[in-house]
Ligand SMILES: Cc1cc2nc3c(=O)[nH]c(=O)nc-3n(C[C@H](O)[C@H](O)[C@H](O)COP(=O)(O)OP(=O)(O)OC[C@H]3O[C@@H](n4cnc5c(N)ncnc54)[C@H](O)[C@@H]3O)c2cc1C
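One chain comes next, on its own, written as structure tokens: the form predicted on its own.
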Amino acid sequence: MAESRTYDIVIIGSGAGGGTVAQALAPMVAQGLKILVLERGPRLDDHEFTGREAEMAPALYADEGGFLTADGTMTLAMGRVYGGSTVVYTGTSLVAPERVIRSWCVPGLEHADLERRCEQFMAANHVHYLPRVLLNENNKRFFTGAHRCGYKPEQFPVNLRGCKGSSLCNLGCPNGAKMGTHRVQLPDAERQGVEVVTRAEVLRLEERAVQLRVSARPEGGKGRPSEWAPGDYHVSARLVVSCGGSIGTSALLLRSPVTAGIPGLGEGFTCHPALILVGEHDHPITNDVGHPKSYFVDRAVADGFVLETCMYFPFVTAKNLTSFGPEHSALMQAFPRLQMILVLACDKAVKENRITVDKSGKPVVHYTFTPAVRRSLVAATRASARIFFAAGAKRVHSPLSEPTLIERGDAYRMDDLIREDYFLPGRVSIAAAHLMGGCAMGTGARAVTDARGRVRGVPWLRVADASLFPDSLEINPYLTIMALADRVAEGIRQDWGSIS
């Protein structure tokens, strides 16, 4: 028998969307409202961020970072922890391009308004450019190689305070330097009286209510026990705000009878399919010391891709190298000499790519690599190889060539060696972490919400996460999610008197 509880507002998820909504609505607690945040993942203490891959992946990521698309050809990374994905990303903080927001054609959504809100969060989250002393050789070689190839490398602004250059961003900063919602928005909301319950999985939505299950802390697992006793709960609310991310929110609405029939639900999924590429140098470079992601090259408009500096630790690097046996072993033994580039294809929303749920209600992501995405990945791989060689690499690993290792002497043959016919889903290791779409904003027949996240036909439900995006953002979505969530929260405050 589920235990019944009652709140005025229930927020599902604690990442960029949920943490922002919680902070923005927190002053309403002083007016007598009860506000609850539900997070499926655990709340970790500072000493538990060890930076060890085998320990941190199951503690911080859904499916330990190994969630696969329906056909198994792409891995999707989603944070599942107090603070959501803001705990595990590198802190890059960019404002969405005006041309992208304009192309969405969402009435009532203006780029100037989003930009203003982004700037507010940049100030609150200590976004700034890192000094050169914290930029490692991996980043500096990318800058040099890109310049020599005629590209324009730009530095990322990052939301860090007191960065010590551990390079462990994707495993949760062990020094508490990353200013995600777990460091800024959520603690502030809790100080004002917002209640947060972790290890709480929302099973379905009911009429002005959520059905959830709180799990016990597993023996030997990381994180604190849940704030509530393990068991099932029925929580009534005047308003529910779903902030579980593109996949989490879409799946929740799809498996809930009160929302499952909404047209367009689950459609328009995009994710910036990514390749991790490496170039081997003659001597060790500082790739695992200093901030891992400091520069990028934006070719979204011209060629449909973005290149970013990156550094991934041995397990992730190993699974992204398209080779086996001695060749793979030799590259991994050369790890201290590897320069790395992350390739992001700027995909577009298409009919084939969508989120559904299986018979048990678990999310299923259907994704087809369109010809445009294939061309973008090929062009980006060629550009990355040129940058590697221009930066001094002696060989480059390319998953889109045969053989996969290209020696310096063959650099002039890049267009012949790296080809689209070598793009074989299932053979090439592809991952994505910028998960967007599924509950698109707009006014068309397939729009799930309006520009303020109000769900069509369900007056007590709002959405405030990346599922709102009608199409790809072409950059890291972190700041844009926060800006949209702030707009949703503002709308809630304005509408509250009429929400019964």
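Note that residue numbering begins at 1 and tracks the sequence as displayed. Keep in mind that this is a model prediction, so the values were computed, not measured.
The same protein also exists as the form predicted together with the ligand; that form is not shown, yet it is the one meant from here on.
(message) Please tell me which of Ser384, Gln185, Thr86, Asn287 lies within 4.5 Å of the ligand in the predicted bound form, judged by heavy atoms.
(response) None of the others qualify; the residue that does is Thr86.
(request) Go through Thr90, Thr309, Ser398, Thr270 and name the one with a heavy atom inside 4.5 Å of the ligand in the predicted bound form. (result) None of the other options qualify; the answer is Thr90.
(request) Spot the stretch among 442-450, 469-477, 66-74, 28-36 with residues whose non-hydrogen atoms come within 4.5 Å of the ligand in the predicted bound form. (result) The contacting stretch is 469-477.
(request) State yes or no: in the predicted bound form, is some non-hydrogen atom of Asn170 no more than 4.5 angstroms from a non-hydrogen atom of the ligand? (result) The answer is yes: Asn170 has a heavy atom within 4.5 Å of the ligand.
(message) Please tell me whether any heavy atom belonging to Tyr61 falls inside 4.5 Å of a heavy atom of the ligand, as the geometry stands in the predicted bound form.
(response) Yes, Tyr61 sits close enough to the ligand in the predicted bound form that at least one of its heavy atoms falls within 4.5 Å.
(request) Would you check, heavy atoms only and a 4.5 Å threshold, whether Arg40 touches the ligand in the predicted bound form? (result) Although the ligand is absent here, Arg40 would touch it in the predicted bound form, with heavy atoms inside 4.5 Å.
(request) Classify Val21 as contacting or not contacting the ligand in the predicted bound form by the rule of any non-hydrogen atom within 4.5 angstroms, answering yes or no. (result) No, Val21 is distant from the partner.
(message) Given a 4.5 Å distance limit between heavy atoms, list every residue of 231-249 close to the ligand in the predicted bound form, or none if there are none.
(response) In sequence order, Cys243, Gly244, Gly245, Ser246, Gly248 come within 4.5 Å of the partner.
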